[in-house]
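What follows is a single chain, given as structure tokens, in the form predicted alone.
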């Protein structure tokens, strides 16, 4: 099955997925206003392009955390990828390598982090949820270090699980043959179905630590050799606090609209965060990225790179590794074309004045 763009993916993937899974991937909090606005927000800024610039050669490389990367596209951390395809995170990491993107592996991966790390020689990052049982958290960090992950991505916007009505309606749960692979050693390999409720919500409320503070970020940064990236920042003052407490990069993110509904979008929050950090660390952004022009706008507003999430899951559902690869390749190709049409032969030439 072929697709021409990332916009049409969801409808194609829904033909292959159970409703519970498709709704879990697509859904957001409450009325899902933020889910919709994440996408729509990128269409608002217009591009004032340059002409008569030599764009015969384009350079899509960037430097994040001091490492040169061939693409400013990252795969966002997403849980339970074997719900989309039996190969799950293994297919995704191989697709990322083929497309020269960087994958971020979720704590709630359905493949052990060590196996995902072993499936590629490219640098990949590990996303961390801090648990009430800090022994679980410490063990996850130790394993990520030992496996050779490049960075640790601390998600900070889940002090509680939002009410996701699709998941409640569907009684979202994991099939018994799909584990929470990274937590099996802690005895949390599965969570069973709960009548008229989301098993994931029950798990989050029972296990994630709502007492997390900036002091915990500082302690985490001091306890690991991996640079810590903070994901879930939407305010300039919080960005400054992240800098002062040890963060090495920030992901501007509202969790794909899956936490606080009617929250600010990544695009809206990005300029304030970029100004606040004042080039002290790298800023990335996610939420509704679907076109190459979205990436141009993100970079023009100060981001170094973007994260893409749901489309990768839809690609997995459609054609496994090949489907995910095509998703990432399409986005990269669209970025390359948009750069040519904007008169920007490199990412460094994507400057604020391109936003009209």
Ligand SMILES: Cc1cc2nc3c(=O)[nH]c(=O)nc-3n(C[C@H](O)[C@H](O)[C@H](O)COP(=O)(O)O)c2cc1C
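Numbering follows the first chain given and starts at 1. What you see is a predicted model; the values in this text were computed from it and never measured.
Not pictured, yet referred to below: the form predicted together with this ligand.
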>> Within 4.5 angstroms, counting heavy atoms, which one of the listed stretches 61-69, 309-317, 45-53, 324-332 is next to this ligand in the predicted complex?
In response: 309-317
>> Is residue 88 near this ligand? Define near as a heavy atom within 4.5 Å, in the predicted complex.
In response: no
>> Within 4.5 Å, heavy atoms only: does residue 78 come near this ligand in the predicted complex?
In response: yes
> Any of the heavy atoms of residue 129 lying within 4.5 Å of this ligand in the predicted complex?
Replying inline: yes
> At the 4.5 Å heavy atom threshold, is residue 198 in contact with this ligand in the predicted complex?
Replying inline: no
> Taking this ligand in the predicted complex as the reference, which of 106, 161, 99, 221 has a non-hydrogen atom within 4.5 Å?
Replying inline: 106
> Just one of 258, 94, 245, 248 has a heavy atom within 4.5 angstroms of this ligand in the predicted complex, so which one?
Replying inline: 258
>> Where, within 138-163, is there a heavy atom within 4.5 Å of this ligand in the predicted complex? Residue list please.
In response: 155
